[in-house]
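Have a look below at one chain only, the form predicted on its own, in structure tokens format.
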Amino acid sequence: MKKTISGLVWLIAIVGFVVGFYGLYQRITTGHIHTDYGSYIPWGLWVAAYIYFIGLSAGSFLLSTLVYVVRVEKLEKIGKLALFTAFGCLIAALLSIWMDLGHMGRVYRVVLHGNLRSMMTWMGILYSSYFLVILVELWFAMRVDLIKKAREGSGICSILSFGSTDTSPKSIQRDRKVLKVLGTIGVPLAIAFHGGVGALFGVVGARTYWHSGLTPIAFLVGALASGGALLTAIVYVWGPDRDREQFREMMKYLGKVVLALVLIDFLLEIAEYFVGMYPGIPDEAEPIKAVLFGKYWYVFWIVHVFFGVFVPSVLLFKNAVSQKVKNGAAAIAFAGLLIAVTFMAVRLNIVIPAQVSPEIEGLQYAFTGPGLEYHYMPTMMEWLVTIWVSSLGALLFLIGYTLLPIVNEEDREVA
């Protein structure tokens, strides 16, 4: 069963990479000509994909700290898998926002010529630091296994071991200490950079829908929920499977964590919408009305609420919390997949609705022309680029899992 799922993911990723490459070609050769955003709506699908993937990365990374910092024994075997998932999602996030830049070749200026009073500059600094922490932590987590694989003849593992040959108990203990330090550093760093993404939206005073002190908190909780859900689905297919009882207990533990995070995130969302809909704040109420009752109401009610909250919550409560079902690992994984995939709707409902209402009443009638409309629907090129980025991230994960000791060889037994 799991081999079948893995093969299907390989097929989808390869097809998506090939099909989406045409969109990448268009983006590189024609710039933003084939996109639907403009002067009034400057942020579109790629920005939503960026905060979606960066949330998946932050959530997966923060859950890895349960292994290397808190030492939760039930999750001990999935620490490297969580880190590698965070790495793959980070690559997809950075590529998504890179595609959104008008001059892709000037991305280095965010860090080298930044303004320390700008959230953009701080995001560049935090991303660079986060990227480095993940790489170093992942290397120390895999170091001993890289050496073992290198001795078995793996060329890639021999290169990535960087000449390290010590597998003594003393060196393993040292690695654990380093991982704890890096994980401890990574916790505030992950909170800062994804909370910073929320702050990037929250400091935009012209958009009342974003402008709130709770925006960074909502981003962070959403990251934990979606990243934890993705990791849960990944663990079911590619996680350790040697000890069946331990595996079931691990899946139930992850299911409980994800259920709690999803419900907290939904509670924050409800609170924000109830307060925002209060009469007297039209600038905030209009975007919320667009989300709840507008042309694309089904994105919220059907994709997000029904398939992203209600159905997964029922599955998780029945299979992870309730003691009546002894083996509900597949249902827990499916619930995690539903949450992870449908969470893109949450990100779209953050980015787009805030921009569809004119900042000044009647502005939509004052000027006309290309890019001067308060309407946005992602074009085929935008979707193709997003499919390509998503497929590339999936392929990086699959190739890395195949070539690297992400999960110990003896734990890769597939049922």
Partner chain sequence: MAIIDMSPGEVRQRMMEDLRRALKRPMEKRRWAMVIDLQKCVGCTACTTACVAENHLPPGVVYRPVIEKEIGRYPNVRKNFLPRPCMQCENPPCVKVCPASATWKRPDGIVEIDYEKCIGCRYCINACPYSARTFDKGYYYSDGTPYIPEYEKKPAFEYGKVWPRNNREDSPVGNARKCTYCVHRLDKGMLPACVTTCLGDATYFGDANDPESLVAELLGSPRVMRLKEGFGTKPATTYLV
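Note that the structure is predicted; figures quoted are calculated from it, not measured. Numbering follows the first chain given and starts at 1.
What comes next is about the form predicted together with its partner chain, which does not appear here.
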Residues in which of 386-394, 342-350, 61-69, 40-48 have heavy atoms within 4.5 Å of its partner chain in the predicted bound form? 40-48
Using 4.5 Å between non-hydrogen atoms, is residue 118 touching its partner chain in the predicted bound form? yes
Hey, in the predicted bound form, does residue 206 get a heavy atom within 4.5 angstroms of its partner chain? yes
Does at least one non-hydrogen atom of residue 377 fall within 4.5 angstroms of its partner chain in the predicted bound form? no
Since only the chain is shown here, I'm wondering whether residue 113 would be in contact with its partner chain in the predicted bound form (any heavy atom pair within 4.5 Å). yes
Non-hydrogen atom within 4.5 Å of its partner chain in the predicted bound form for each of 76, 314 and 321: no
Under a 4.5 angstroms heavy atom criterion, identify the one residue in 180, 289, 109, 244 near its partner chain in the predicted bound form. 109
Restricting to 351-365, the residues within 4.5 Å of its partner chain in the predicted bound form through any heavy atom are 355, 359, 360, 361, 362, 363
